[in-house]
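Quick heads-up: it's one chain on its own, the form predicted on its own, in structure tokens.
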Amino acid sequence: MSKIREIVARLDIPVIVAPMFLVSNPAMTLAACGEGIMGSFPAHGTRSTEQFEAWLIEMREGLAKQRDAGGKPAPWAVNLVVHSSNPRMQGDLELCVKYEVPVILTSKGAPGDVFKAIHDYGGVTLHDIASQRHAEKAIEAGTDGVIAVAGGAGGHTGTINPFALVNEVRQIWDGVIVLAGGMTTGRDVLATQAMGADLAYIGTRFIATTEAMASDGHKAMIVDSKATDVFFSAAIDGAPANWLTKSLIAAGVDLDVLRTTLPGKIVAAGESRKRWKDIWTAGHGVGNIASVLGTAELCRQLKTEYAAARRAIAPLAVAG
């Protein structure tokens, strides 16, 4: 069994809590890992390499406490932007190597030398892709698995239907596929496996948790929103993304202008840096979120839903 398959087998259910900018943190990650679900956070979610190292130390110490208490925490992950445009990439990578982060979720580029550095200390990589061609490049560069970011994911997103995307990637890849886009329940996790992926990547649902760094306003808007309240645009920061319409309006963004702005023609770039914290993201699964929960409680709920979904379809498997 490959190392990435071994890591997947250690999870209570096949779920990764997706790394979310200005939302994820060590507290959320540790809570998820303590419940047998892979937690994660983005390196660029910290203000400096020094703060990132502090988070890595917090993870090491927190996991040690869980083990000392008799727990068996799940593996954890860090999201690393590996494109040359990221000035912190080398320093953050060196820290991931130093602290031997088990799983690195790479995005925006697929340099083979980065994958090699991670493999050299025994880590594994899962790389963001949004198309079959993206997957081909990541596989050629040596990734251990791909994260298929389908249409409906929160924040920066793909645009392809999840069924179509997973099927296209499966044409060229028999390794691990993680599916991202619109999932909020344990039933969704089982459906992910049924359609050919190995793990579910769940982000938006975890914004509405007590540990999340998201503002109370963001959490409340998540609870109060439906899928129709999600606005897709590549004009806010130059990349395709899903945003909460109410937050765009509150920030003074003209939606009619946004609808007709070409990708890359960034809207109010100078101002957006100042108001970024008030322009919020969400995926299409937002309408299934009705409350703010603790991360551990939410993980237990997902596990209960997943088990119930498996029991519910068991008769169908026998009949087949």
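Bear in mind that the values here come from a model prediction, so they are computed numbers and not experimental data. Residue numbers run from 1 along the displayed sequence.
There is another form of this protein, the form predicted in complex with a small molecule, and it is not shown here; the text below is about that form.
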query: Sole residue of A180, I129, A77, A74 within 4.5 Å of the small molecule in the predicted complex, by heavy atom; finding: A180
query: Among the candidates S233, S225, S247, S107, the residue which, in the predicted complex, approaches the small molecule to within 4.5 Å (heavy atoms); finding: S107
query: Which of 191-199, 152-160, 233-241, 87-95 sits within 4.5 Å of the small molecule in the predicted complex, heavy atom basis; finding: 152-160
query: 4.5 angstroms heavy atom contact with the small molecule in the predicted complex for L165; finding: no
query: Contact label in the predicted complex: M20 to the small molecule, heavy atom within 4.5 Å; finding: yes
query: Residue contact check: P26 to the small molecule in the predicted complex, 4.5 Å heavy atom; finding: no
query: 4.5 Å heavy atom contact, P42 and the small molecule in the predicted complex; finding: yes
